[in-house]
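Quick setup: one chain, the form predicted alone, written in structure tokens, and binding and motion questions come after.
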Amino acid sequence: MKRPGLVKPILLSGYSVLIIVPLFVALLTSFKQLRNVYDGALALPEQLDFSNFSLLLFEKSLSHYLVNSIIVTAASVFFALWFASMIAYGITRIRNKLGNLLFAAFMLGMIVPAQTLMVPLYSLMLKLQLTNSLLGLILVHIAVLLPICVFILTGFMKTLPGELFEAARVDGASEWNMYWRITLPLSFPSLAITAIFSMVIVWNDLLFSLLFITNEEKKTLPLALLQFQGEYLTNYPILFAGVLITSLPLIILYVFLQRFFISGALSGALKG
């Protein structure tokens, strides 16, 4: 009988420690005052101090930035998924060189680094008067998300049996009906996994928020947290409390969509 090796458990345990320790330190620090951090960064807090959280939510108006992040993330992911699902459906239905050319064009968007697009994007948004605007930020995120969403959804839709569409065509179904009534329901696991992946990208984005938003009223959560990081002194307890508040919506979302996330990953692995 082959004995299980120790390499894999050791590597997984080491990786778990690398993830858990920083989270634990951030959690402890968020319940401390600044002077306690410099007295003992890894020491347990003398008492749980929730003043950092109340300061962020009620005095620093972090809830306002939270609403901005929710609007930008929800709108960007919804429209990116909608457009990408229609593009992926079209690519899978066009089974010739044109379909491959369209797919290759969207894949080019994954190759180009976002940093190289900063100057032309800023010039474009400035001409359209969409800087300091949540709408402008949403449009940029949709454009950035489209290539990766098209890549994931196209890969899944290619595995759907062609006999389904042939039968629907014989019954007189239009392309819209085949997209809406057949493709989307069958692609729900891959849509869920793409949605979670996209939400993490948009929710944690700092690059485009920093580039396009300077108005205090339009800032998103990652950009707002920068005000607690100074040149000479950083308020780590408030900063880490803000990081925990920022992470909470994604954790809740993952818990609710975990079933679809796992089924989507497994179906992709089995069909790939």
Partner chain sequence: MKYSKSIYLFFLPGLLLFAFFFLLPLAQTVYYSFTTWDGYTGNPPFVGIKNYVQLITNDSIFQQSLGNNGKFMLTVVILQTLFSLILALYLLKNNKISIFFRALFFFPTILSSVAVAFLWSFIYDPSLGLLNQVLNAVHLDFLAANWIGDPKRAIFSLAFVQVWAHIGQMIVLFVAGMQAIPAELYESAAIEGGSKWDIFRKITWPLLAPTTTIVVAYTTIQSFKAFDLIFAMTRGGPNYSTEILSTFIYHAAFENYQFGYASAASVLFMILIAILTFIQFKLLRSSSISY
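Model, not experiment: these values are computed from the prediction. Residue numbers count along the first chain shown, from 1.
Keep in mind the form predicted in complex with the partner chain is missing from the figure; the text below concerns it.
Looking at Q229, you'd find a heavy atom of it within 4.5 angstroms of the partner chain in the predicted complex. Among heavy atoms of L117, some come within 4.5 Å of the partner chain in the predicted complex. For L42, a non-hydrogen atom is located within 4.5 Å of the partner chain in the predicted complex, even though that partner is not displayed. In the predicted complex, the partner chain stays beyond 4.5 Å of every heavy atom belonging to A168. Of the residues S63, S54, Q33, N204, just one reaches the partner chain in the predicted complex with a heavy atom at 4.5 Å or closer; this is N204.
Contact check at 4.5 Å (heavy atoms) against the partner chain in the predicted complex: none of I70, G155 and F256 pass.
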